[in-house]
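There is one chain below, alone, in structure tokens, taken in the form predicted on its own.
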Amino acid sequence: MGAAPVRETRLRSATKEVVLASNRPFCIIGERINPTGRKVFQAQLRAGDYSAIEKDVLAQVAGGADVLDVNMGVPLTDEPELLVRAIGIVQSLTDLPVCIDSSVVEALEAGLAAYKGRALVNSCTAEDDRLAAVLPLVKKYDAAIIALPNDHDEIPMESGKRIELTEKIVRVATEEYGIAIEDIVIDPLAMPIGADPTVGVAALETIRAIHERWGLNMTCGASNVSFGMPGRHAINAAWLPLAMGVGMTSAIMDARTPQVVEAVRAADLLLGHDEWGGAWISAFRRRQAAEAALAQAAEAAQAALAT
């Protein structure tokens, strides 16, 4: 069997296109616009204060995000309305494409209808009822979809079961709903290494198998791997280049973590996805300039105090 073809998943805002592909630079999907576990942010959103969205957008853009994940899952709110408002705010601040993230089908549809561009939908499992609820929206609004190979029974720990469920997702999406295979992005289920020392290898085996068989683009919640462990940034910075080496093409991650972002961009360079190191050298020079500006400002402040 020959190598699977390169699949290009194209996401767009009103003015900018981002392409996920195994021969392209890794796509960083900024995860921060998400109130899960952030009680202050949830309270602000309930009170109609959206200032934190603006701060999170600007910080992730500055950190190097290529796409922004937008989740508005706040208990005791109208999630469809909140998601539409958040997408509007994001699109007023940046031209990066958006990943619309919700477990509520009504919110997904509201967000897709409001979004100006071609979105990525996060997410869908291999469960029959979930596929039947989400895939028609993906087709209707010409979006791409993140799909996870787990079903009603369990989150499968073995790579083989995940491959079986990926096969089901591909078959149902392409044959029953007419979704292009290029628009299916698989989350291979990166689990916390602190809970089970075998999960890292299982995820890497899954990524390699999916890449070799279908050439599908893949993503994961990068911080899942290090959950519950100390030194999480170091673990994430090691995990993503390993995953990239076997076919991972994007990750939902915090773009405000330079250690992890730099590891990804270094892996792009080493994997031949940054021609002549142009992006790496440009980023290095920007950091140098920023550090020099900070040092100059500090010197000026000290001189002012001395007078």
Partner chain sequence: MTPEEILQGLYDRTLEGNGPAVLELTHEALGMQMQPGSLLFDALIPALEEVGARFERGDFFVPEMLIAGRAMAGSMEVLRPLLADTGVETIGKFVMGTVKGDVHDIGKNLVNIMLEGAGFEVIDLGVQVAPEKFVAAIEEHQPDIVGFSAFLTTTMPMFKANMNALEKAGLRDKVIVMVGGAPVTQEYADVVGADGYAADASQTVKRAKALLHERRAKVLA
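Numbering follows the first chain given and starts at 1. This one's a predicted model, so the numbers in the text were calculated from it and none came from an experiment.
Quick note: we don't show the form predicted in complex with its partner chain, though the next part is all about it.
Picking from 172 to 180, 186 to 194, 134 to 142, 87 to 95 the stretch near its partner chain in the predicted bound form, with a 4.5 Å limit on heavy atoms, gives 186 to 194. Of the candidates 151, 81, 158, 212, 151 is the one whose heavy atoms come within 4.5 Å of its partner chain in the predicted bound form; the others do not. For the three marked residues, 23, 26 and 258, no heavy atom of any sits within 4.5 Å of its partner chain in the predicted bound form.
For residue 282, no non-hydrogen atom is located within 4.5 Å of its partner chain in the predicted bound form, even though that partner is not displayed.
The closest non-hydrogen atom of residue 51 lies beyond 4.5 Å of its partner chain in the predicted bound form.
Within 4.5 Å of some heavy atom of its partner chain in the predicted bound form lies at least one heavy atom of residue 104. Though the partner is left out of this view, residue 234 does not reach within 4.5 Å of its partner chain in the predicted bound form, counting heavy atoms only. Of all the residues from 16 to 37, the single one having a non-hydrogen atom no more than 4.5 Å from its partner chain in the predicted bound form is 36.
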